[in-house]
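Below you will find one chain, with nothing else, as structure tokens; this is the form predicted alone, and questions on how it binds or moves follow later.
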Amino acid sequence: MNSAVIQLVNATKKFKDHVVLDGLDFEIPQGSVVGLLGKNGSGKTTLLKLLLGLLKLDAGTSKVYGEDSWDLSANAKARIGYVPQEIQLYDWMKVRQLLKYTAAFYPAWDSQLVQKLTDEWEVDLEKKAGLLSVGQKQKLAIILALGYQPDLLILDEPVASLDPVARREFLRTILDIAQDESRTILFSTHITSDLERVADRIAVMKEGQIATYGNLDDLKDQIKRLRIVSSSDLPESFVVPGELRSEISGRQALVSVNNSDPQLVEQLQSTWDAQVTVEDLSLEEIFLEMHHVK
């Protein structure tokens, strides 16, 4: 039995002549916390909306809990919590009314958790949703998504409007949820430091595909920066196997690679009579190197 919660095979989506997803393959096993990274326009939000059945694929398949995303059953939908980039609420309702209204749809609604979060995040229960600040609306949207204890939580830039204290509290909540191995989280954000705290897997989107996907620790072990100092000037044609980006100046080179291992280092030392220093990279640095950003 396949334990994958999310499965996309050859997923393709176009808007007119613009290809947003280009034959994308992606699978998330149950119990994972997956961080989704990508530049603006890389297709992250489109991917999330396809999974939720808010958009339809042009080709390929997208399944959540074994069901076609475009035709999810009521039972499958009830297992999914979603916090979109752009928050839409019933602005005329007070927060207390909105929470009560939403709770009526879900037998598993966790009133204790909701009360805890509204207290900790200082969400005014008597204020109309439309009068909340952008950050408070984002907090409320997160609470509404967490309140019914979904098995799959899909988050699209959920902390963009939160202050540092609220972000830390939110991440602590996500870590608490992640302790339950039956629950799965897909978390899209530009804040790489947040992903390093909560994600066990990282997926990097580039040009409509998943360019890299795997365990966060494995990714950090794989992608390194090599600082090379040769005994003589390096040629302009100097290339390192698995190179992502390089800067060459005389006898020195700074090269990021996608396949760092001791054999590569020994080969460079021997071939170029060089000293080679291997530098660890943060997730943000890895992302920048993959996109050739200095």
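Everything numeric here is computed off the predicted structure, so don't read it as measured data. One-based numbering along the sequence shown.
Another form exists, predicted together with a small molecule; not displayed. Remarks below refer to it.
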Seminar exercise, completed: Exactly one of Ala274, Leu24, Leu283, Val20 comes within 4.5 Å of the small molecule in the predicted bound form through a heavy atom, and that residue is Val20
Exercise. The small molecule isn't shown here, but in the predicted bound form which of Ser69, Ser256, Ser32, Ser42 has a heavy atom within 4.5 Å of it?
Worked result: Ser42
Seminar exercise, completed: In contact with the small molecule in the predicted bound form (heavy atoms, 4.5 Å), from 241 to 249, 44 to 52, 228 to 236, 259 to 267, is stretch 44 to 52
